[in-house]
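Below you will find one chain, with nothing else, as structure tokens; this is the form predicted on its own, and questions on how it binds or moves follow later.
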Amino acid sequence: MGMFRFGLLLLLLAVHWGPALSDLVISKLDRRIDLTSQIVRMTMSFKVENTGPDPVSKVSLTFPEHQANNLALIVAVNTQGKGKTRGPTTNLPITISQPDNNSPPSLIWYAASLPKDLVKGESLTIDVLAVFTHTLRPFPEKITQSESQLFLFQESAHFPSPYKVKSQSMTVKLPTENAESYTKLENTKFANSEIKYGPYENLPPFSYSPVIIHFPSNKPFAVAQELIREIEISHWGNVQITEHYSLIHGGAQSTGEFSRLDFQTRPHVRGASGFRNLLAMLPPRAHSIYYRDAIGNISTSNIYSDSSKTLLEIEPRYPMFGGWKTSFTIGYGLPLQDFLFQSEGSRFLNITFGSPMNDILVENLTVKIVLPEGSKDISVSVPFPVKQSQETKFSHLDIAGRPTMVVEKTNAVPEHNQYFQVHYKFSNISLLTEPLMLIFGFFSLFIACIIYMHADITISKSSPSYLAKLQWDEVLGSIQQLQEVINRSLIVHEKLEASLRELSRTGDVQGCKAVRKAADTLLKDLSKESKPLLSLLQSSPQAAHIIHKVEELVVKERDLQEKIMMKHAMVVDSYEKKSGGRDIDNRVAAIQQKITAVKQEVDHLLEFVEDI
């Protein structure tokens, strides 16, 4: 607001500064400003005459600095004739051309180059379209769910032209027929949804008359803070479009609690400032359309198509109120033949540049055109200033990567959704690269399988490593058999211990002696089985590092066997002599301690052998 007042003061002072820059005079200037969306569109039609002796090749247009900073697009055309006699239009190149003389400050100058010099007494009509963003300011800046949005628009009823203006008028189109307030000047009319200022006669150069309009608007203020649009070309018949949106509601900030119930039951009253859907106009033969976000697929979308267009209506996961943000991705495929053409030995892609969304403002737009691998001599032709760069993208079966042209634009509006061209050269032989890679890959796999199935890759039976493996397998087998013999011996020991417990319970000495006799026979047989196994291990070099443990296990088992036999004989003898239980326990206490200790040693050695 302060900047606007500062520029206003300087422009008011400029009225008293020097004469016009040339002898051009504007005989009539009609200006129309459209405020029906967040994007402000100003159209001007004026007739300029040369009253001086010198020919003129350029016509200057001036805008206040606060407007020029938000200028997204400016286009000027020259039209011959009117009505039925209206001739073809000629685009006039426009450049920023700040004069060197003492021009008023806080003004940005644009120069429209004429198709031919305008000599004395001649006149021509120029139509200008200027598109501005972030020009409408919410007032109040914060509202609740139930309140409507109100905006302030600041402008001058007199266009600050550097030339004298004989007659000038301005019409402001509002979204509704209501206005909270507006500046009332001479010749001001408010009818339906339009406020008309003028006509004003014989205005001097840089004339300025401030106007402020305060009006309601609940139109969607959808602002894409970032849009990354990727166009990937496949010469196999498809153009894949992927668009990543980071969206925010750019209107008055929503404050207070949000009630989903109120929004669902009375959306036009308790949610008028928010929007719940967006409409994208896609090319007519778009297919494989999807709409998703970071969570996954979003099912709240509808598609309507006919022979001229495809409409995609999408709903975010939640209604959008002022300051709320969301991110999502839409993608679709297009037939290659509708957009790729050949000319003079090269190919060129002809496709639209901007977002297909209606009345969406894109603050930072990045368009990436991914060309097939092997493309060369690449150039991009865009009908307005952009920033260009090149990078490489790697995808399936790529070797050198796919050349990618990156085109960046700030403050992109729907008027920027024009066709642009990408020219490049590509050899048809390169189309065979990926199929040949697949064929060669599968062929190599089949050959490898055939070789594997028919080749003998076993180790030779006469090699030292194979013989060493056989010897080690023999050692392991002998150890397992010896371990089994010792385990069977330990079972016999348990039977002897059990016979002593039975003797103490029943006093059956003869039964205990029978168990002892059977155990002696079994232990002798087991000893015979272990001898050849132990001899084999002692003679094998593969068992050199473990034979001492195996020998120690055999010795400890025999020691345990002798002590258990000795205990068994002492207990049986005591029962035959009719000794008491206490005397028997005292007699075998020492030998029992030794048996317990030897058992522990045998168990540890068995664990070592099992680990082998």
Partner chain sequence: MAVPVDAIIKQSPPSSSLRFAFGNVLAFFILLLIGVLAFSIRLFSVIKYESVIHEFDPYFNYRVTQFLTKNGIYDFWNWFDDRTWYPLGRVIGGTVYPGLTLTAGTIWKVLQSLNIPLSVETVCVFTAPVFSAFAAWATYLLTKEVKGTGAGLTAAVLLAMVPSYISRSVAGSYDNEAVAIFALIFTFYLYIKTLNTGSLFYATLNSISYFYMVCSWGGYTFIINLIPMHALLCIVTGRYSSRLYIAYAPLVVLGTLLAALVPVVGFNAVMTSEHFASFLVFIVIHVVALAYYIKGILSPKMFKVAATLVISVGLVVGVGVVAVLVAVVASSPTKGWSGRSLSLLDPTYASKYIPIIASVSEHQPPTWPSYFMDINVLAFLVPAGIIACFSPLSDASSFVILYLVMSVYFSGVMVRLMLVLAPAACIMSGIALSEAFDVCTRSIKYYITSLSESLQTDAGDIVPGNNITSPQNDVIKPDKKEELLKERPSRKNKKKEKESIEKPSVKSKMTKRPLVLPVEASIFALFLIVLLGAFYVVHSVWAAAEAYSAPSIVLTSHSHDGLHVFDDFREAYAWLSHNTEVDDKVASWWDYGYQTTAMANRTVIVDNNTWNNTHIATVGTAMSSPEKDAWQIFNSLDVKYVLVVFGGLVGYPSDDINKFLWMVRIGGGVFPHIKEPDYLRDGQYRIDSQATPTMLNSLMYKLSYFRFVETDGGKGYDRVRRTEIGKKYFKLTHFEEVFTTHHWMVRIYKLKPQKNRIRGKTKKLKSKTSSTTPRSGSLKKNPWH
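As the structure is a prediction and not an experimental result, all values here were calculated from the model. Here, rigid core means the biggest group of C-alpha atoms that superpose within 1.5 Å across both forms. Residue numbers count along the first chain shown, from 1.
There is also a form predicted in complex with its partner chain; it is not shown, and the following applies to it.
The shortest heavy atom separation between W236 and its partner chain in the model of the complex exceeds 4.5 Å.
A residue is said to contact a partner when one of its heavy atoms sits within 4.5 Å of a partner heavy atom; I450 fails this definition for its partner chain in the model of the complex, lying far away.
At a distance threshold of 4.5 angstroms between non-hydrogen atoms, Y318 is in contact with its partner chain in the model of the complex. Of the heavy atoms in E122, none are within 4.5 Å of its partner chain in the model of the complex. F258 is the sole member of F258, F420, Y182, F339 with a non-hydrogen atom lying within 4.5 angstroms of its partner chain in the model of the complex. Checked against its partner chain in the model of the complex, the residues K173, H214, R292, R285 give one hit for a heavy atom within 4.5 Å, which is R292. Note on the interface: of 352-360, 194-202, 136-144, 295-303, the segment with non-hydrogen atoms within 4.5 angstroms of its partner chain in the model of the complex is 295-303. Residues R501, S504, R505 of 498-524 are found to place at least one heavy atom within 4.5 Å of its partner chain in the model of the complex. A movement of the C-alpha atom of G507 reaching 2 angstroms or beyond is seen between the shown form and the other one when the two forms are aligned on their rigid core.
Core-aligned CA deviation for E194 between the shown form and the other one: less than 2 Å. The Cα position of Q481 differs by 2 Å or more between the shown form and the other one after fitting on the rigid core.
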